[in-house]
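Let's start with one chain on its own, the form predicted on its own, as structure tokens.
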Amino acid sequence: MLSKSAARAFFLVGTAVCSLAFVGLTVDTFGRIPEQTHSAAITPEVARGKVLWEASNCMGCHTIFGEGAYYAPELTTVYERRGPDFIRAMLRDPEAMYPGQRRMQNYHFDDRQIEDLLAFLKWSGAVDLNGFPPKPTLMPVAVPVPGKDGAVATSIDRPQIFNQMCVACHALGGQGGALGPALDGVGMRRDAKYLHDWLTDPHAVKADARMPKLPLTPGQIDELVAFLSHLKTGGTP
């Protein structure tokens, strides 16, 4: 058992060591902030986007950096997850992207405001948060592709635009949204021409289609048609 003097010395030494460790960790943390936050990348567009984010009370529904509400999706890494084209379309007209479903208010942002918010969200996604939030696990899907000698090789990559836009509403292999039909086996149900026409303008194929006309380039449409055409059964070619 410690004597009073030994206990006092143990307390004082322990307090001093813990205080030094705390100060050291604090200094180290503040030293890491510029690198982890990529402060050099905070452009005027990023700053304006942050001001607009706060003025529009986006955190009243969304979460960013672990702070905010949980009514709507978490947006820290939304730039990587959904891509700039999807975000632009969503900010321009939320109802058009999710007819009769999405309750996000249309703030009627102009083009500059949309680009400022995009810059802010892009910067947010690049901040080093030590693995937070975790990236979603999307199953790779084998896609036959022609090899140099004419033989069929296999790629396990599915188009980035598919993971950014399509899975927001559609499921494949049990992963994705439930607003639209699952795309497992869609290559057996629809031919390439139908898929191309549908992706180009769903309402030209079906007047009352719930799917919006997505901001897809001709190259992205061709890429998606090639991918979807190979989905024969169970989400895999």
Partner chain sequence: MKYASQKVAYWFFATCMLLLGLQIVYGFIMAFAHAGFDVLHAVIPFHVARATHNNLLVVWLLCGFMGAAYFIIPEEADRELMWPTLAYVQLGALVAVGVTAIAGFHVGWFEGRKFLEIPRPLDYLVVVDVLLFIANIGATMWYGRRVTTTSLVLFFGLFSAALLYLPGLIDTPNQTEDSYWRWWVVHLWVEGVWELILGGILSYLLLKLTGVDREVVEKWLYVIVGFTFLSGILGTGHHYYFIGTPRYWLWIGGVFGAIEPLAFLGMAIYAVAMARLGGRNHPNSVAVLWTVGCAIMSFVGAGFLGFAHTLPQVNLYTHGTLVTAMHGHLAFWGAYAMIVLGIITYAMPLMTGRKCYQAPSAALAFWTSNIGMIAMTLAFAVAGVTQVYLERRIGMDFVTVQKEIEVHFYGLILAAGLFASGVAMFIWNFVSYGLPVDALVGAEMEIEVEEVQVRMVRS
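Predicted, not measured: the structure shown is a model, and the values here were computed from it. For the two forms, the rigid core is made up of the largest set of C-alpha atoms that agree within 1.5 Å on superposition. Numbering follows the first chain given and starts at 1.
Another form, the form predicted together with the partner chain, is not on view; read the next lines as being about it.
May I ask you to choose, among 182, 192, 42, 209, the residue with a heavy atom within 4.5 Å of the partner chain in the predicted complex? It is 42.
Residue 129 versus the partner chain, in the predicted complex: is there a non-hydrogen atom within 4.5 Å? Answer yes; at least one heavy atom of residue 129 falls within 4.5 Å of the partner chain in the predicted complex.
Examine residue 202 and determine whether its closest non-hydrogen atom to the partner chain in the predicted complex is within 4.5 angstroms. Contact check for residue 202: no, nothing within 4.5 Å of the partner chain in the predicted complex.
Close approach of residue 187 to the partner chain in the predicted complex, 4.5 Å, heavy atom: Flag for residue 187 set to no.
Just checking whether residue 109 would be counted as a contact of the partner chain in the predicted complex - the rule being heavy atoms within 4.5 angstroms. The answer is no: residue 109 has no heavy atom within 4.5 Å of the partner chain.
Taking only heavy atoms into account, state which residues of 1-24 are within 4.5 Å of the partner chain in the predicted complex, ordered by sequence. If the 4.5 Å heavy-atom criterion is applied to the partner chain in the predicted complex, 1-24 yields 1, 2, 3, 4, 7, 8, 10, 11, 14, 15, 18, 19, 21, 22.
Rigid core fitted, then: does residue 29 show a CA shift of 2 angstroms or greater between the shown form and the other one? Yes, the C-alpha moves 2 Å or more.
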